[in-house]
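Take a look at this single chain, the form predicted alone, given in structure tokens.
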């Protein structure tokens, strides 16, 4: 491997960075909500099975692709495949587009952190309701733009420091801090009156329907598509992050063991996020006499409306818990964002190396961040549809739901809805049927074990393609409201 490209300073540093990439905003609001809406414990079982037979396999495959070639996403595909070399562009396109809205949501986190710090400093001041506050923030277009820019500046300063000097250093501090913050919020959430109803929502099969949170339980294919979409988005798969991070790994490291640690750690943190968020949201609804069906348990409203109301209802200590919570959400957002920026930046670093030049990392990262800021400015200015901006193909195809609400939905469709599941599907076909699993198994054996061979080969050839095809159809069904199942 070209040492000038950069390497992880230690395996624990790589693990913290990889887990940080996986643990993001999707874990905080996506996992708990989808778990409850999709049958609670049933969703968890399906998710765990998919994490083992699909997520774990793709994780090993992507890390092996990166380390074997010593290149970023596009370079890895070009080196390994003749027929699928173009798939690498999907895995660079996805993170670039994701950052258009991820940076905006990160800016919201900074703004709410500052707000709760202000409430903490000026105790007794009048506090707006979560709904009023969120609405005022979304229509303050200049403010959203500035906080988005601040989030991007933070990410730039981390990424420009390099692999070990920036990304690894941040995650070595950020991930333990996030874990501690989660434990504090969980302890407070589970002691709230009515929190047990939130636990039932998450872990008791059928309780969401019985208690009136939702009208009817979704079918198995819907649960499969929902769990699958959450799984590969949560684990940072099919977005180039693990290929890129793998390209910086030493040959001495065990990819099989590391893949397992990342999958297990991400699942644990996702479940912990559910314990921190859902019981508190449900308990606050019960205390205020809000019917279960009207409690907002998904999307930005969960973090920036429902949870802010929870902290406001706690009295004098509320802002303190608000600071802790939005700090952990901000850390999760940054740890994922810097991995997405690194995917795009590495492509240009590798191009410079191919020409015999040494890439100027600070300059490349700056240009990537500026490009992201351009697309993010559109999403920020749109304010989740609050400012009546034109959206391409809005309500197209004659169905409600096709890019229905805002620029965030539009960007999310092309990345999470299309590029990521399609990329994972094509990657599994490439490995399973074109270059053959043995190509990557040779890399997995380095510092690893041959006991994984049969499992990896069978899953990559037969299980992953079928499941990813179903997930792709399910994602298109959800985003375009096709009503297929």
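Positions refer to the first chain, counted from 1. For clarity, every value in this text was computed on a predicted model and none was experimentally measured.
Note that the form predicted in complex with 4-fluoro-L-phenylalanine isn't included here; everything after this is about it.
Contact annotation: of the candidates 276, 241, 329, 155, the single residue with a non-hydrogen atom within 4.5 angstroms of 4-fluoro-L-phenylalanine in the predicted complex is 241.
For the options 102, 151, 112, 201, the one in contact with 4-fluoro-L-phenylalanine in the predicted complex, meaning a heavy atom within 4.5 Å, is 102.
Under a 4.5 angstroms non-hydrogen atom cutoff, 4-fluoro-L-phenylalanine in the predicted complex lacks residue 468 among its neighbouring residues.
Residue contact with 4-fluoro-L-phenylalanine in the predicted complex: residue 26 places a heavy atom within 4.5 Å of it.
In the predicted complex, 4-fluoro-L-phenylalanine sits within 4.5 Å of a heavy atom belonging to residue 336.
Proximity of residue 346 to 4-fluoro-L-phenylalanine in the predicted complex falls outside the 4.5 Å heavy atom cutoff. Considering 4-fluoro-L-phenylalanine in the predicted complex, the lone stretch of 320-328, 208-216, 231-239, 347-355 in range is 231-239 [heavy atom distance within 4.5 Å]. The partner is not shown here, and in the predicted complex the stretch 357-385 never reaches within 4.5 angstroms of 4-fluoro-L-phenylalanine through any heavy atom.
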